[in-house]
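First comes one chain, alone, set out as structure tokens in the form predicted on its own.
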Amino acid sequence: MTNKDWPLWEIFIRSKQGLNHKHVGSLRAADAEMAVENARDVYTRRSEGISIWVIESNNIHASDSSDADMLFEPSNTKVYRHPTFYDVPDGISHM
């Protein structure tokens, strides 16, 4: 298998200050272990990350943008989903 035949991996990094992983880019690697190692070298050069996720691009499934109205409109009719209806107690952070 040549480099051109390697699968494409999507890279997500969690920063030291963050609570979630953020997509930082893509790279090609022969397997998940190589993808993590390469992602470390390419995307965390200044020790800014504490966790790396790699996901093979062909395993990502996305909605079609033409279906946006159908997918997201129903939440507007369910007002209990809006955070304005909930009281957050004092002392709760990262919410």
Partner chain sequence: MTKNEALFNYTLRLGDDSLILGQRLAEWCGHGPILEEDIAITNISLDLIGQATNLLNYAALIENKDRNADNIAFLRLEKEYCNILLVEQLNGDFGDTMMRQFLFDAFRKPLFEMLQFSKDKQLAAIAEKSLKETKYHLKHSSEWIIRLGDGTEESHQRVQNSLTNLWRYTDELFFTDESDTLLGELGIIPDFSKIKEVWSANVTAVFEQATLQIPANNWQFEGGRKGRHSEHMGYLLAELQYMQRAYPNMEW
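This is a predicted model, so every value here is computed, not measured. Residue numbers count along the first chain shown, from 1.
There is another form of this protein, the form predicted in complex with its partner chain, and it is not shown here; the text below is about that form.
Although the partner is absent from this view, residue 42 contacts its partner chain in the model of the complex, with a non-hydrogen atom inside 4.5 angstroms. Taking non-hydrogen atoms only, residue 27 approaches its partner chain to within 4.5 angstroms in the model of the complex.
By the criterion of a heavy atom within 4.5 Å, residue 34 is counted among the residues contacting its partner chain in the model of the complex.
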